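This document starts with one chain, in the form predicted on its own, laid out as structure tokens.
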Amino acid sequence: MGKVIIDGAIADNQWQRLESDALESGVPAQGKIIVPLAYWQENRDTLIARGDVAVWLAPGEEPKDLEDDLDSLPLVAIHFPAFKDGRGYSYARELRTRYGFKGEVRATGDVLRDQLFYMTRCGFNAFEVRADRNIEEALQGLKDFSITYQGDVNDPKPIYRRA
């Protein structure tokens, strides 16, 4: 299943992200899966009973639609179909600040090294780097800057308020 970056380290990807067409015959009986929001909404109770299920959000789908389910989800993936679509940054921030989600927030899709540092500031803690990119090199993107002036989800105080 490849590698992912989780909490600043490269790890084996334990989760399989499924597209809607792959779910036409149902979900696999075993293994950790990430299903689209619409599939989750249609099959919520069955998926909760199965266990090892997470949800992914596409651009235009709101974290609010998962508000009542976040306690039962270990992971929420946010899909970036294109580098230029930044809505996922806001979704991660909402999950962390508005809804208090403590689980894994994973970026999938067109995820590049240049984005990783900023994504962590918004609440992402896991990244599926684009398949044609080097994951070890991408990991270094988390260290591009050592000081930030503005607050973020990890430290909401601006630099002049920090001790």
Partner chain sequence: MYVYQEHDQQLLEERVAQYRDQTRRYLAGELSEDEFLALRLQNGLYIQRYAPMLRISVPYGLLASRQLRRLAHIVRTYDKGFCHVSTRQNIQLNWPSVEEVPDILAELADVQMHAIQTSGNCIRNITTDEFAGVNPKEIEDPRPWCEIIRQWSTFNPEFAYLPRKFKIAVNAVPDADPALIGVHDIGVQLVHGANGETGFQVWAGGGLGRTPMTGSVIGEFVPWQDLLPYLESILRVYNKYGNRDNKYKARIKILVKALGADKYRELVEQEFAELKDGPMTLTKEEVERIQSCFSAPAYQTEDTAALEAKLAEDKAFSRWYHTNTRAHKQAGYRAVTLTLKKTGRVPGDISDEQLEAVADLADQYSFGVLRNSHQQNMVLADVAASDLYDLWKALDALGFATPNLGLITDIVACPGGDLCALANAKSIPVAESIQRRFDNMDYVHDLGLIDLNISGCMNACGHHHIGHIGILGVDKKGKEFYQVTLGGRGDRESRVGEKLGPSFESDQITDVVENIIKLYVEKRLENEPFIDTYERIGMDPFKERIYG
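Numbering follows the first chain given and starts at 1. Predicted model only: the values in this text are computed from it and were never measured.
From this point on, the text means the form predicted in complex with the partner chain, which you will not see here.
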How about Val55 - does it come within 4.5 Å of the partner chain in the model of the complex, if we only consider non-hydrogen atoms?
no
Would Ile147 count as a contact of the partner chain in the model of the complex, using a 4.5 angstroms cut-off between non-hydrogen atoms?
yes
Looking at the partner-bound form in the model of the complex, is Glu62 within 4.5 Å of the partner chain by any heavy atom?
yes
Taking the shortest heavy atom distance, is Ser72 within 4.5 Å of the partner chain in the model of the complex?
no
Which of 22 to 30, 115 to 123, 43 to 51, 100 to 108 sits within 4.5 Å of the partner chain in the model of the complex, heavy atom basis
115 to 123
For 124 to 163: residues with a non-hydrogen atom within 4.5 angstroms of the partner chain in the model of the complex?
Arg130, Arg133, Glu137, Asp144, Phe145, Ser146, Ile147, Tyr149, Gln150, Pro156, Lys157, Pro158, Ile159, Tyr160, Arg161
